[in-house]
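Have a look below at one chain only, the form predicted on its own, in structure tokens format.
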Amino acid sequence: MDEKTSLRYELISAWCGPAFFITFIIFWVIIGHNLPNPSPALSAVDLAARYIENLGQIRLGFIISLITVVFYMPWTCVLTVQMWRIEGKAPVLSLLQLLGGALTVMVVSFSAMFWVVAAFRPERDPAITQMLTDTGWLCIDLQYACTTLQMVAAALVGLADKRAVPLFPRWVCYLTIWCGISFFPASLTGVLKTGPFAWNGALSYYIPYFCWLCWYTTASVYMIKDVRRRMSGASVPATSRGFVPGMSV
């Protein structure tokens, strides 16, 4: 594959970042009725009634989310390639970031799948609907570590980037680490049903999810800039880069 085509695919993959962000907000957050999300303190009957009242939107939101979550995959792959260029021959952190991104897709997918199943038969026993809802939320909240590792790996490589124009400014790297550890309070969602540490609380839901999307958006901007910069360099004629035909290098 020629360089121009390769860079074009990288740019498309980097733009999958904004595509994921927009579709996640629209379908997972808004249409899926995760803003606000259901309280874990709701009774099984009240929770089942919530599904019935918003059945069409909940189904649409999470079914589409299961499709659009794949935008996270090409975005993760292009970030891996960009990090690999910095790390060189032993890209341990690049591969760790790749695995973290892939597992993030699975975690988000499985949570949405449980909610789709909960909405599939709204007439069933409310206790089963409650169990499926609990499983979906605990799935996405308690398995945050793979995303945290993805973010920390990206930050560490960014901090080690000594090029004249680094992939990420240092402040983005520190922001990434802080956003990654903001998920830690979500560990308590497996125990608490009320308060700021419950899955609908500020410290386990609103703050960490906002931080994750804030990092994701910021990283996407600099990733797109990096690809465009290399595309500009590739389009410069060879003579402009110091190459003279017939001269050995």
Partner chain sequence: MNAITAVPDQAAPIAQRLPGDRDVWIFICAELLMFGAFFIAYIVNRASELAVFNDSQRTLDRTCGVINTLILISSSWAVVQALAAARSRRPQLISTYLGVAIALGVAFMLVKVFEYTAKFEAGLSMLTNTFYMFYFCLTMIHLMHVVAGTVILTVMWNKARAGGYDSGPLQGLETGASYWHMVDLLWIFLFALLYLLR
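Keep in mind that what you see is a predicted model, and the values were worked out from it rather than measured. Positions refer to the first chain, counted from 1.
Heads up, the form predicted in complex with its partner chain isn't pictured, but that's what we're talking about next.
Proximity to its partner chain in the predicted bound form, taken as a non-hydrogen atom within 4.5 angstroms, holds for one residue of 207, 60, 29, 41, which is 207. The single contact residue among 213, 52, 203, 70, judged by any heavy atom lying within 4.5 Å of its partner chain in the predicted bound form, is 203. Listed stretches are 149-157, 78-86, 126-134, 166-174; the contact stretch with its partner chain in the predicted bound form is 166-174, by a heavy atom cutoff of 4.5 Å. In the predicted bound form, residue 222 stays away from its partner chain, with no heavy atom inside 4.5 Å.
For the chain shown alone, residue 64 is not a contact residue for its partner chain in the predicted bound form, no non-hydrogen atom being within 4.5 angstroms. Remark: residue 34 does not count among the residues lining its partner chain in the predicted bound form, judged by a heavy atom distance of 4.5 Å or less. Under a 4.5 angstroms non-hydrogen atom cutoff, its partner chain in the predicted bound form has residue 178 among its neighbouring residues.
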